[in-house]
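Before any questions on how it binds or moves, here is one chain, the form predicted on its own, in structure tokens.
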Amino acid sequence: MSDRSHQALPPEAIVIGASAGALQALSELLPLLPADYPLPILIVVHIRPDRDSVLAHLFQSKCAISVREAEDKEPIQPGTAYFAPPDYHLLVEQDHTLSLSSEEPVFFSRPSIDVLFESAADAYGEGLTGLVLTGANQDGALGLKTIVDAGGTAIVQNPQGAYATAMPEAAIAQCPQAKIMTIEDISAYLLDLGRNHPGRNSRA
């Protein structure tokens, strides 16, 4: 598919992967998004499998958009951020519902960023934007490449500003065409993505 056709299609969803340093990075992104943000945001953060996650509750108290922990078979809604629950992979189905899986960990991680990104790329194609943020392993790099191969947009946090550099560096190595941005620039990009979206105020 050509760049021209890619640019003509409105974005449909955003996926974010982060690990070490995720709390600070996401705290600089998610609270800025308005309540009528027209895109869904699907997030994998590497968390210990034997503990309840407080991420959804924590960010719901900070954010205007709806924030929740993803549930199996749940339809994906705009203006909502979904966190993968502990010890489950989060996937996107072709009908744009969520599914949870207990398949083997990837890079010792469950949930896995690669698993989310690859399933979302298959479901959304050119309409998907993928972000790899701070982290200390290689999870997300192959998934981001899958997004690029499907015609989507790849964004990587500049390793120089990341709490942990391994994850963004691995993503850049796999996807040299990715946009490399500071957290501040990513915030502005996401706001523009929503502000210019043709479905804003009409998809809730």
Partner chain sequence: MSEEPVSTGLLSERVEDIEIHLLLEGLYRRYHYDFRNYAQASIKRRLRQAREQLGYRSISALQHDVLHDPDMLPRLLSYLTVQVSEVFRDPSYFKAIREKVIPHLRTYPSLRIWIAGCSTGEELYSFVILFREEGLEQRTLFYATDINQDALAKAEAGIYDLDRFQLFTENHRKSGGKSSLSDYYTAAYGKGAFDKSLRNRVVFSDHSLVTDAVFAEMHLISCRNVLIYFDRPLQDRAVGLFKDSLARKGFLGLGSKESLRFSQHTASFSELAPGDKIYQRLDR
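This structure is a prediction, so every number in the text was calculated from the model and none was measured. Residue numbers count along the first chain shown, from 1.
We do not show the form predicted together with the partner chain, though everything after this point is about it.
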Contact of Val92 with the partner chain in the model of the complex (heavy atom, 4.5 Å): yes
Distance check, Thr129 to the partner chain in the model of the complex, heavy atom within 4.5 Å: no
Asn158 within 4.5 Å of the partner chain in the model of the complex, heavy atoms: no
Heavy atom of Thr80 within 4.5 Å of the partner chain in the model of the complex: no
All of Leu23, Glu28 and His57 within 4.5 Å of the partner chain in the model of the complex, heavy atom check: no
Sequence-ordered list of residues in 77-101 near the partner chain in the model of the complex, where near means a heavy atom within 4.5 Å: Pro85, Tyr88, Leu91, Val92, Glu93, Gln94, Ser99, Leu100, Ser101
